[in-house]
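In the block that follows, a single chain appears as structure tokens, in the form predicted alone.
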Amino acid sequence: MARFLFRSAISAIVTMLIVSITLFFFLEVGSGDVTVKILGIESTPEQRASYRAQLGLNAPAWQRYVDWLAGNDWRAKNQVGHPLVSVTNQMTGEQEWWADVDGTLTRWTMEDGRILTLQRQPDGTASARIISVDWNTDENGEEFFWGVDTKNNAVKWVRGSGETVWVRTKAGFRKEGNGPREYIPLRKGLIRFDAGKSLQTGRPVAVTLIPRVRNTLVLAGIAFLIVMPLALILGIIAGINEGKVIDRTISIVGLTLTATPEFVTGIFLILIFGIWLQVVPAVALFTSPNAIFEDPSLLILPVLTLTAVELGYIARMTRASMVEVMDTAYIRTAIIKGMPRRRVVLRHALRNALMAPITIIMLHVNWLIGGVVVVEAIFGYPGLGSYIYKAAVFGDPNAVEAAAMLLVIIAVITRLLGDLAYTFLNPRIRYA
């Protein structure tokens, strides 16, 4: 078993690496210039070039991928010359990057051609001081200084040559001087649970992704707890009553539910229960981050839609497996010998009949977690599926890859749980 778990872990790591490289390649090739989507088509080439530099998008593709995966604080540390640390901002709850200069957390900014030093105070505020810094000289004779700015970047300032920087505000674009020449947007990397900033929102991916994952886990978890036991029970009942009215009824209803697309089922439920009867909310309108806990009725129609889609498929698979097992020689022998049918089903047939449905159930856990895009779109439910869809359309590589890695982890875990469930259902199965 230990060898099996070790091989599974290695396989999972290789799978996630391949998926991340593939996704990054397709996003790199197919998303186009993301700065156009950020700034709008009215932006000028100069403005887009400025934003591209600030986001670190002018670095080579391989460098951006390594930064996303393993972080770049180690690389930026060599430029800045001081250890770089991240601390939590007490106001926003987000991480801030600072340079540790002799035990003092420090940042820098340039004003009127002078470097201004910002030192973090115990209460989280920063005090500005004019402290001389060590300028270095490059091979061209230009004096430069690497530091950490107020936007979580390691930046390079050149003395006497402040760059023009375009900043987007609610009022439009603002042109600023005294800007850095080079940027390294700081991040720890995915292997240290930091996927960087979302290019779409400008906020850390973890801050925007975690609430969406929680919402989807709640929705998928409730649907799973309802549909899986119910589908297994209906499939077993149909399987042990092959050819009877109850079998035909369950099979026809299951086939109908399976053949009906999610958007049709969802719209049908909205019309009946949300608009005509008005007994539940027609859409999942979130007025606060914890709306589903404050008003659980928001979950009713999305859960019913997922239940309807999954119920028929799992029930039919369970029925087919149960019919096959009930037709085996050892089951027929047990019945002929006079063993009560209930005992034959529960003690001998049930475990073997659940082998195939367990595989289907584990595969459909992944669908429930990440493939509910249609259901979330119909009901306006802010979950992981809609998050991935919007990030992919926008071309946000950090957000898409972080969400994709999460889905890969879920897929690996559910596959492993399915394999372990086999050993419980059939003790003859062993993993080396």
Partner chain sequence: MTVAQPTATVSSKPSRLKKAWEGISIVFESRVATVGLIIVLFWFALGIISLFWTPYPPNANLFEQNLPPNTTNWLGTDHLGRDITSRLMTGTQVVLLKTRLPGDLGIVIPGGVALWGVFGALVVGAFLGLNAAYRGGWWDQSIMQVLDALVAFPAIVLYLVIITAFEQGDVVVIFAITITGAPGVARLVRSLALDIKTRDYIRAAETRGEKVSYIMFKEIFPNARGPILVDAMLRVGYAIFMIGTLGFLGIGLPPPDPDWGSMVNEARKFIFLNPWGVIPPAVAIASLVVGLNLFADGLREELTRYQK
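Residue numbers count along the first chain shown, from 1. By rigid core we mean the largest C-alpha set that fits within 1.5 Å across both forms. Only a predicted model underlies this, so the values are computations on that prediction, with no experimental measurement involved.
Not on display, but discussed next: the form predicted together with its partner chain.
Of the candidate stretches 252-260, 73-81, 223-231, 126-134, only 252-260 has residues whose heavy atoms lie within 4.5 Å of its partner chain in the predicted bound form. Its partner chain in the predicted bound form is not approached by Ala399, whose heavy atoms all lie more than 4.5 angstroms from it. Contact annotation for Met91: none of its heavy atoms lies within 4.5 Å of its partner chain in the predicted bound form.
Within this chain, Phe293 is remote from the site of its partner chain in the predicted bound form, having no heavy atom within 4.5 Å.
When contacts are judged by a 4.5 Å heavy atom cut-off, Val19 counts as touching its partner chain in the predicted bound form.
Proximity to its partner chain in the predicted bound form, defined as a heavy atom within 4.5 Å, holds among Val36, Val393, Ala61, Ala49 only for Val393.
Taken together, the three residues Val14, Val283 and Val374 all come within 4.5 Å of its partner chain in the predicted bound form, as judged by their closest heavy atom.
For the partner-free chain shown, Thr258, Ala259, Thr260, Pro261, Glu262, Phe263, Val264, Ile267, Phe268, Ile270, Leu271, Ile275, Trp276 of 258-281 come within 4.5 angstroms of its partner chain in the predicted bound form, judged by any non-hydrogen atom.
Core-superposed comparison between this form and the one not shown: the Cα of Thr260 travels 2 Å or more. Comparing the forms between this form and the one not shown on their rigid core, the Cα displacement of Ser86 stays under 2 Å. With a cut-off of 2 Å and the rigid core superposed, Thr328 has a Cα displacement that reaches or exceeds the cut-off between this form and the one not shown.
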